[in-house]
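First, one chain by itself in structure tokens, the form predicted on its own.
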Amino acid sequence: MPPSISAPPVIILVETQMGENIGMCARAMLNCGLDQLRLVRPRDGWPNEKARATAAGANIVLDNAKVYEHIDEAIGDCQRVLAATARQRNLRIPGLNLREAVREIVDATPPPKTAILFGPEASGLDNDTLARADRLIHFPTNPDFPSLNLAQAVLLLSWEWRQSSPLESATIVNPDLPATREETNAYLARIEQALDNSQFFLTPERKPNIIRSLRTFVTRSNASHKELRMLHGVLTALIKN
């Protein structure tokens, strides 16, 4: 059996429709040694006895699951965010197949706190949620029949993670880790406020698309703590002028 991973990812289920599917995802996670589960607005509420019935004993995952009202709260302490999607999206976010995505996370030094997002059963993640990811994950299934249910997708991701064996690396002193999503969101909020104050948005209808594009750009850059502090300084200087 491969050695355990030192920085296992957080699995985030967004607006899951059925408690039974949450339970099956928890079972799949624990099969592969993952136990950090977060839920964003589960449709049938939480806790959910139907989830426990299908978890087949993976109670530690369910008992420790955290529930959030908004995706930004769920990813606030994470430095990397990947999102699973089955469809091609008109977003400028790099896409990786499952193995490439897991390898990229495992090989990162130092290991960042990583969240992996899965969307509702019927529709998947919407573009506003996907814009918060710096990588999209595609599952290389049969192109003539690509359909996966939610628990299958979580199991495939968890299994690929389980099979990955990171190499030992030297200790890095005071690494400049990527900024957390909470820090990134604070910077984006400052940009939005500054643009509002300067009357940049000529029509209210264009604002959501522009903000989404800005979010995608900033998130994709994966800025470090130091780089984000520099960007705050640049913005402060521009506002003063």
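A residue's number is simply how far along the shown sequence it sits, counting from 1. Predicted model only: the values in this text are computed from it and were never measured.
The same protein also has a form predicted in complex with a further copy of the same chain, omitted here; what follows describes it.
With a further copy of the same chain left out of view, the stretch that reaches within 4.5 Å of it through heavy atoms in the predicted complex is, among 70-78, 93-101, 123-131, 106-114, 93-101. Looking at G33, you'd find a heavy atom of it within 4.5 angstroms of a further copy of the same chain in the predicted complex. At the 4.5 Å threshold, heavy atoms of S213 reach a further copy of the same chain in the predicted complex. In the predicted complex, a further copy of the same chain lies farther than 4.5 Å from every heavy atom of V14. Within 4.5 Å of any heavy atom of a further copy of the same chain in the predicted complex lies no heavy atom of R38. Using a 4.5 Å cut-off on any heavy atom, the residues of 19-57 that reach a further copy of the same chain in the predicted complex are, in sequence order, R27, A28, L30, N31, C32, G33, A55, A56, G57.
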